[in-house]
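Consider the single chain below, provided in structure tokens and representing the form predicted alone.
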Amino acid sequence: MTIRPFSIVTEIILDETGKKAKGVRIVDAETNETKEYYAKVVFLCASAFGSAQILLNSTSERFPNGFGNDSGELGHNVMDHHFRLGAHGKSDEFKDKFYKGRRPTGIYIPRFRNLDTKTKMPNFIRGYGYQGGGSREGWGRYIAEAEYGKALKDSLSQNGDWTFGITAFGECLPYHENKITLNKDVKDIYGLPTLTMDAEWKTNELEMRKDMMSAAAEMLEAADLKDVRTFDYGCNPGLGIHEMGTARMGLDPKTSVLNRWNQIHAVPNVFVTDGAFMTSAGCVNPSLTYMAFTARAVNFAVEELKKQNL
């Protein structure tokens, strides 16, 4: 294997038949030199937006609206997780206890809404999970300089209350109108079109957020925490950095970009295995899913090469 750094892939090269890719075109980030590299199979793993950007920029007579974009879905169905809200409270217990070191773990509460008829919600579909943890307040609680001199030193020598909080991460639905497009009027430093993002939370996410806060407070109060307060720091697509959906997978080439094996429907020797292929977001961190689907697609590609199908 040869790894070539400082290589910005600008487009995928379609062969003369219009049915296969023969390689990629790159620009060297240090020299601005353009080069072409050829292969039997091309895997795109440039991130959901990065892969879609390359595909949108790879136009030809066969694909005037972007590589493999017969369905018109390329760049659409942008998803991210919405979060930055939940609840926290304090505990009067365990004043004689403290923790040692910095544990790399917290707590996780799996999704519990809309799993069956008993958990069906009247005002939103899908659901959310919670991430959180507990700790004791430290010297940072006096950052506002509430104490001075000896009183400050005495206060800092004492641990504060135990606090516990949970933050919700919710699913965003795949809306066609949530999209990214190429802006050919604004170029980056390599002369390539930049991306314009146009995405928003809609009624389902906004209704879900109300429950994400109220359920968090209900749980903490049931756990006998004191001074329970909800919080919502506001959120917009992009803050969750879990971008997904711009080259969605599906069985019907008329409504999707990729097939069940992450292949572009019309160009089977091109695979897209990052977040672009996702059809729904779930409410958990998605990276392990990308890795699993990549391993699955690679195995499939190897078997297809052996059969001379690619």
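Numbering starts at 1 and runs along the sequence shown. Everything numeric here is computed off the predicted structure, so don't read it as measured data.
The form predicted in complex with a small molecule is left out here; the points below concern that form.
- With the partner removed from view, the residue among T255, N285, S60, T279 that has a non-hydrogen atom within 4.5 Å of the small molecule in the model of the complex turns out to be N285.
- Judged against the small molecule in the model of the complex with a 4.5 angstroms heavy atom cut-off, the residues L56, S71 and L251 are out of contact without exception.
- Although the partner is absent here, N65 is not a contact residue: none of its heavy atoms lies within 4.5 angstroms of the small molecule in the model of the complex.
- Taking the partner from elsewhere, Y290 is found to have a heavy atom lying within 4.5 Å of the small molecule in the model of the complex.
- For the chain shown alone, A301 is not a contact residue for the small molecule in the model of the complex, no non-hydrogen atom being within 4.5 angstroms.
- V9 belongs to the set of residues with a heavy atom inside 4.5 Å of the small molecule in the model of the complex.
- Only one of 234-242, 157-165, 201-209, 89-97 places residue heavy atoms within 4.5 angstroms of the small molecule in the model of the complex, namely 234-242.
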